[in-house]
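Just one chain follows, in the form predicted alone, and it is written as structure tokens.
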Amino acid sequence: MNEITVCIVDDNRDLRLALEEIIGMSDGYQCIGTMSTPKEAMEKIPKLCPDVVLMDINLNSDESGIDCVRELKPKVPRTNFMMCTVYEEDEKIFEALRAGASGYILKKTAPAKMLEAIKDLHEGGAPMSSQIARKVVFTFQHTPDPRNQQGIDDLSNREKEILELLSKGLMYKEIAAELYISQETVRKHVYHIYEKLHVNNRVAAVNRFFGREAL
């Protein structure tokens, strides 16, 4: 089994070291980089292309973690971003999801739960509270826009099939089992779906597929 590669972006040195130790000591995970500023993250993450980035939502800088994700996601579309936050601030977290993050976790989360969330994110899940998930669903239901059908006709039947399964909340490994293909093949299809629909996360892809306004 390949290790899940992780980068950490946080301006708190003690927290960076703690997260690095948790990931480094756990089987199946590898920390390949830690950064303390948005500038450092912008330079290093496109070169490292990690599977998952743990991104502090409130970096002590002119640019927030949300700004960082917004700029980085198009450059590393296969990387999943998880926002790390002290408090569950609804609007900031929702803004981060719109920017391209695929989930979030509280900094006080126990190490085992943190690792579980990273794995879930890597396998196609979207770790977030039911409260935030409801906001996402509300956006799906109340922002129809037929202009966002752009790119749908370019999708192959297999890609449409995968989007249907993503819309039902299935993770990559579940989609792979359902379609009798490998998880890596699912990832490649999802990457091509993002390219064709001009989106940078699964929430926006599903949204556009159903003719809604992308997040």
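Since we're looking at a predicted model, the values are computed, not measured. Numbers follow the displayed sequence, beginning with 1. Just so we're on the same page, rigid core means the largest C-alpha set that superposes within 1.5 Å between forms.
In what follows, reference is made to the form predicted in complex with the DNA, a form of this protein that is not presented.
Stretch 168-176 is the answer when you ask which of 168-176, 59-67, 24-32, 37-45 has residues with heavy atoms within 4.5 Å of the DNA in the predicted complex. With respect to the DNA in the predicted complex, the three residues 181, 185 and 188 uniformly fall within 4.5 angstroms at the level of their nearest heavy atom. With a 4.5 Å cutoff on heavy atoms, residue 16 does not count as touching the DNA in the predicted complex; it lies far away.
Taking the partner from elsewhere, residue 159 is found to have a heavy atom lying within 4.5 Å of the DNA in the predicted complex. Residue 201 belongs to the set of residues with a heavy atom inside 4.5 Å of the DNA in the predicted complex. Contact annotation for 66-105: no residue has a non-hydrogen atom within 4.5 angstroms of the DNA in the predicted complex.
Relative to the superposed core, residue 195 undergoes a C-alpha shift of no less than 2 Å between this form and the one not shown. Residue displacement note: residue 23 has its CA displaced by under 2 Å between this form and the one not shown (rigid core superposed). When the rigid core is held fixed, the Cα atom of residue 205 travels 2 angstroms or more between this form and the one not shown.
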